[in-house]
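Just one chain follows, in the form predicted alone, and it is written as structure tokens.
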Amino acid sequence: MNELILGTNNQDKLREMKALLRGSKIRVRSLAEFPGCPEAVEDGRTFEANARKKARTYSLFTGKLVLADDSGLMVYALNGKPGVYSARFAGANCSYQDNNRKLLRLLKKRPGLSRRAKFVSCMALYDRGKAVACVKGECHGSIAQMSRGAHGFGYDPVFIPAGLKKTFGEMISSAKNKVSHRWKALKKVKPIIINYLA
């Protein structure tokens, strides 16, 4: 069976990406199956730079086809922050809740339209250190007035996709996966993966 390594140690992201790839007849593996794999330093200035760095690092180490994702939230009123710092917006070793609390605090007095935001996902596909493809998916929406819902992870409880009333955190995974940034990126890269492996 054809194999694809998901270049992430984030168990929440891994679970979501595996679900999105279900039914593709590709054996999906994680970095946990490759002891000693180095941690790629995410010091790029863009999601694409980080995704490419992770995919290249992990594909060189494993000698296999790797799909790596770098994603985050961009809030227009905050000049695109948290952006590439989404995971550590509230500081080193912060929790998802810490990041959400900081974001809501910064937007506390901001009304409707000034709460516009978008989720971005960049996915890079590399094989043994060589670039195969890089795609991007975006989901536009806004930041809720308060954290709502216990589903998902990261900024899901505070992000409302455009045209909907529920936050990602209030949606079951199958509903979120129909509109999410990660789903849109994966929809673009999935046929590339299948064709490449064929």
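Note that the coordinates shown come from a computational prediction; the quantities given were computed from them, not determined experimentally. Heads up: residue numbers just count along the shown sequence, starting at 1.
The same protein also has a form predicted together with a small molecule, omitted here; what follows describes it.
Only one of 62-70, 25-33, 142-150, 125-133 places residue heavy atoms within 4.5 angstroms of the small molecule in the predicted bound form, namely 62-70. Using a 4.5 angstroms limit between non-hydrogen atoms, E42 touches the small molecule in the predicted bound form.
In the predicted bound form, L106 stays away from the small molecule, with no heavy atom inside 4.5 Å. Contact annotation for Y76: none of its heavy atoms lies within 4.5 Å of the small molecule in the predicted bound form. Although the partner is absent from this view, K13 contacts the small molecule in the predicted bound form, with a non-hydrogen atom inside 4.5 angstroms.
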